[in-house]
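Okay, here we've got a single chain as C-alpha cells, the form predicted alone, with questions on binding and movement later.
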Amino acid sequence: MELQAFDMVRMQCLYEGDVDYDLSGCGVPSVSLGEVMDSDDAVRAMLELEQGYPPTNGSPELRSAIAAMYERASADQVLVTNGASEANFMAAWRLLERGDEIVVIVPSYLQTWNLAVSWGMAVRSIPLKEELGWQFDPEDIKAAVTRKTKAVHVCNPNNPTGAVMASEQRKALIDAVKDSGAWLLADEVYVGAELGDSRTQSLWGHHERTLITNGLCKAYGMPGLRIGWLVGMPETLKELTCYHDYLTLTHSMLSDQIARKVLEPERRERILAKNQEVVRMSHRVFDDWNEAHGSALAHRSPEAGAMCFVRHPPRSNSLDLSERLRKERSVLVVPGGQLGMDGYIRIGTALPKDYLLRGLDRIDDLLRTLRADDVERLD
C-alpha cells in the first residue's frame, strides 16, 4: 500500500542540515543526560545496565510513572512506544479502516490525517479560527461529528498555533464524541511547555473511547530517547500490543531507565520549569523583534510550545514563500499548507538569541523585497 507523503517531516529531514538558519523546529532545546543522571550512583547504574529487551509495553516502573500524570490512571492503562509518532501510528492503524470517516482539527500535525487519506478514509476538517483565539467554533464540531464518525483527532496544546483548548470547546468536543460514540484521539505532546503557570488539563478520563498520545520529545527536550506512550483502557491497549509487535516491538532498555529518572516527580518538574523559562524567553525575543521591525508577520501569541504561527502577506502562498526563504535566504520554516492551513508559516523560537534574530532578519529581508517588487509592478 502506498502511503501519502508526510510533506512537512520529509521537508525537514531533507533540508534542516542544508540551511544557515533552521527555524522549522517546534521543541525546546535538547536536555543533556548530565541533567538527568546527576549523581555517581545514577551513572553507575546506567553503565551496569544489561542491554537486553525491556518489557515490550514498558517497565512497570516507567508505566507507573506515566500513569501518575493522569487522573485515576493505572500502569495497565499505559503502553510505552518508540516516540509519540509510533503511538499516533498505532492508534490510527488499530482504529481506522477504509470507508471510515474521521474528523481532524486544523491546523495540526497531519500524521493521522495523511494516514487516513492513505487508507481510503473520508477526512472532515474543523478549522481553528484566529479571531476566536485559535479555538474552533463549538457549533462546527456539533455539525461535523455524527454517528458516521469513527474518530476525532486533536492536538492540545495545538501544534502549530500554541493554543490551549478553552473550557467551552473541551465540553463541546467531549459531548460530541460521547453522543456519537466516536473515538477521541488526543495528541498531548506539548503539555508542560506552557508559557503561563497553569498546566494544560489532559483530555483523559471523560470518555471511555479515548486514546492519549504523548512522549518526551517536545516539552521535555528529549527526542533522542524515543520514548512515547499511549494511555487508554486496558482492553484497547492489549489489542494495540499486536500492532506494536509488527512495528518496533519494544523501545530500548537504556531509554526505559533514563525515562524513569526523567519522570521522577521532583526531577520532572525541575526539567519542565527550566524548559518553560526557555520558551518564555524565546517568545519575548520574537515579540520584541517583531515590534521593532514593524514586520509583516502578524501573529496571536501562543499559550504553549516553542513556536509561532504567523500570518504572512496574502500575495504569497505558504509553500511558495517557504521555498523562496529556503532557496534565496537559506532559512527553513514550515509552510502552513503542510499543517492544513495556508496563509501562515510556523517559526520555531527556542533557539539561541543571535541565531534566531539573524534568521528572522532574513525572513524580514525577503518580505521587504517582495513588497518592493509588488510596488514596482503596480507602478
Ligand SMILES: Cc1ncc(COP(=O)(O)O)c(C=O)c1O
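Remember, predicted model here, so these are calculated numbers, not experimental data. Residue positions are given as counts along the sequence shown, with the first one as 1.
If you look for the form predicted together with the named molecule, you will not find it shown, but the lines that follow are about it.
J.: Can you tell me if Ala84 lies within 4.5 angstroms of the named molecule in the model of the complex, counting non-hydrogen atoms only?
T.: Close contact exists here: in the model of the complex, Ala84 approaches the named molecule to within 4.5 Å, heavy atoms only.
J.: Can you work out whether Trp113 and the named molecule are in contact in the model of the complex, taking contact to mean some heavy atom pair no more than 4.5 Å apart?
T.: Although the named molecule is absent here, Trp113 would stay clear of it in the model of the complex, with no heavy atoms inside 4.5 Å.
J.: Look up in the model of the complex whether Tyr109 has a non-hydrogen atom within 4.5 angstroms of the named molecule, and give yes or no.
T.: Tyr109: contacts the named molecule in the model of the complex.
J.: Are any of the heavy atoms in Gln257 no more than 4.5 Å from a heavy atom of the named molecule in the model of the complex?
T.: Outside the cut-off, so no.
J.: For the spot marked by Asn88, Tyr190 and Cys217, is every residue within 4.5 Å of the named molecule in the model of the complex through some heavy atom?
T.: Every residue of the spot touches the named molecule in the model of the complex.
J.: Taking the named molecule in the model of the complex as the reference, which of Val78, Ile102, Cys155, Leu211 has a non-hydrogen atom within 4.5 Å?
T.: Contact check passes for Cys155.
J.: Of His244, Lys150, Arg226, His299, which residue is found within 4.5 angstroms of the named molecule in the model of the complex when only non-hydrogen atoms are counted?
T.: Here the answer is residue option Arg226.
J.: When the named molecule is placed as it is in the model of the complex, which of 155-163, 202-210, 234-242, 136-144 ends up with heavy atoms within 4.5 Å of it?
T.: In the other structure, the partner sits against 155-163.
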